[in-house]
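One chain is shown next in structure tokens, namely the form predicted alone.
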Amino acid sequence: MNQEQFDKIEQEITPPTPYVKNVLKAFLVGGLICTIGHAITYFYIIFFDFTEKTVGNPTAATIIFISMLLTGFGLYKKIGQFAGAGSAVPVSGFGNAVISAAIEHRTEGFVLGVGGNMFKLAGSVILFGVSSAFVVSLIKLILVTMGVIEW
């Protein structure tokens, strides 16, 4: 059997990918996660006197915490299998990535297993976030100093 025959058989056997269905599921679940985020935002604004400028951090932390709980109970994996990127792209995907790495390596102990592997993905995300925030702040400082923009 040559490569052309193999490719032809593979195309006949492989079912077509339902792109539209997958995109729709990702859009709906990602939208639902963002809607829940807005509900949490309004909850903090109404009940804890946060402003629109200060509510972002507690909202993101709450969404990450909820996704970590769902990962611990095994529910986030089911959401991810259903929605694909719709559950991984929002900030909740970050919490899932951190906790799933910790759960996977818990048999190796708390320090080397959980602690050492928990931040494999999170470490690069945090490093990129801090580095990009520094660069953006430096650019803004230069633009303010030159008088291009106001603080």
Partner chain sequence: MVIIFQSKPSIIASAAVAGPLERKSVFYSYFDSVVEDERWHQTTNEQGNAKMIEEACQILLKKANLNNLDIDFFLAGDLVNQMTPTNFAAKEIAASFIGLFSACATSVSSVIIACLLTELGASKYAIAGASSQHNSTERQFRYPIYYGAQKPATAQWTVTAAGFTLIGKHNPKNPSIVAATVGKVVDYGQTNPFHMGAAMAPAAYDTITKHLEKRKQTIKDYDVIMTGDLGKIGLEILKRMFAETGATQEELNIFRDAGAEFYGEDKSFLAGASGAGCSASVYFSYILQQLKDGRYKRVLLVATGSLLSPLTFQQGETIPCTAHAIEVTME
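Positions refer to the first chain, counted from 1. For clarity, a rigid core is taken as the largest C-alpha set superposing within 1.5 Å between two forms. In this text, all values refer to a predicted model and were calculated from it rather than measured experimentally.
Omitted here: the form predicted together with the partner chain. The next part is about that form.
At a distance threshold of 4.5 angstroms between non-hydrogen atoms, G116 is out of contact with the partner chain in the model of the complex. Contact annotation for 93-111: residues with any non-hydrogen atom within 4.5 angstroms of the partner chain in the model of the complex are N96, A97, S100, A101, I103, E104, H105, T107, E108, listed in sequence order. Shown in the overlay between this form and the one not shown, fitted on the rigid core, is a CA shift at Y42 smaller than 2 Å. G123 is among the residues whose C-alpha shifts by 2 Å or more between this form and the one not shown once the rigid core is aligned.
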